[in-house]
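Take a look at this single chain in structure tokens; it is the form predicted alone.
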Amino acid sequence: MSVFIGTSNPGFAPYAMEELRRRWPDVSLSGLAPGETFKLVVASVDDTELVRMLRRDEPVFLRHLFPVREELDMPEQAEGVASALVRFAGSLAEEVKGAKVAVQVRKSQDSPFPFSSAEARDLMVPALLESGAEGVSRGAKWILSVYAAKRSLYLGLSAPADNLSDWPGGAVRFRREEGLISRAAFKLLEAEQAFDLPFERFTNALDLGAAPGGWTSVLLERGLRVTAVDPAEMDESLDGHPTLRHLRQNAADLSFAPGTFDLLVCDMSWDPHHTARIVKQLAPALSAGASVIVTLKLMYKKPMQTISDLLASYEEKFDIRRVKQLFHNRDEVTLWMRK
């Protein structure tokens, strides 16, 4: 039997849970933080097999999970909570000895958990250090996870890859750089990490719906030549950039010589079916094996059906590699394809 805590983007837990129901009809699901965090129990597989299956074919809406090793009733007093945290950290001595360990603590809004994440982490780290472990925030071999719900405390230990994300709850955080053109840039930076797709590997990029230039600026910083398509103006910080060409036209009106680009990116706030028609229309401009990254706007009442319909459409021209709702996505998901 497997017991996990799962997390999705706010409002999308029902879809994450539905994906899990389709995989394991015997799954038991219960909400912990409405629309975002939930407990899942699968009787038919163990932890290792469940994680293996999820990593092989990662769900769209499940952002993060961790295996529950202990589930405790929430102690009424702060001293009792502290004692439970320290005891659990100490119980891991044999497993974490000599290893780098990150401690990640989260809680629901209605939880009586008496500590901040940092305070709880500081309570547990000394017990890990006594075991010969090294406390780290990134690059850990093990992640000690704590989730405090309204009535229960969930504790676990797992490898970062088995959590689907090594960020707490899958909440990927980038440092906001001075002069950042648009927060939309974070979506592309996260896609680069999630899909293991270093942009330095590419040479010529086509950015559809580029203004004001958030995604274009990321690609330019990576050393690519970028053709940015948008009738609107680009940010003035990009004026005169030597490897940028801005076409102030509608993407639907354009055509390029075959094989011009090895990367196409698109974050247009249009009907996703219209966007799909434009991207497919420009497929001949891409070289063989070119990558395509597109955000699919979930504008309709049935997101899972919308995604299914759009994937069927894109498959006419492209090889679908991954579709994922990233942390920086809102009412959308991000699609990676190859020509």
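Numbers for residues come from their place in the sequence shown, where the first is 1. Since the model is a prediction, treat every value here as computed from it, not as a measurement.
As for the form predicted in complex with a small molecule, it is not shown, yet the points below apply to it.
- Partner proximity in the predicted bound form, defined as non-hydrogen atoms within 4.5 angstroms of the small molecule, places exactly one of 230-238, 164-172, 196-204, 121-129 at the interface: 230-238.
- The small molecule is not shown here, but in the predicted bound form it comes within 4.5 Å of a heavy atom of A211.
- In the predicted bound form, at least one heavy atom of W215 sits within 4.5 Å of a heavy atom of the small molecule.
- S182 belongs to the set of residues with a heavy atom inside 4.5 Å of the small molecule in the predicted bound form.
- Using a 4.5 angstroms limit between non-hydrogen atoms, L72 is distant from the small molecule in the predicted bound form.
- Only one of S83, S152, S255, Q249 comes within 4.5 Å of the small molecule in the predicted bound form through a heavy atom, and that residue is Q249.
- Of the listed positions (S91, S137, S269, S116), a single one reaches within 4.5 angstroms of the small molecule by any non-hydrogen atom in the predicted bound form, namely S269.
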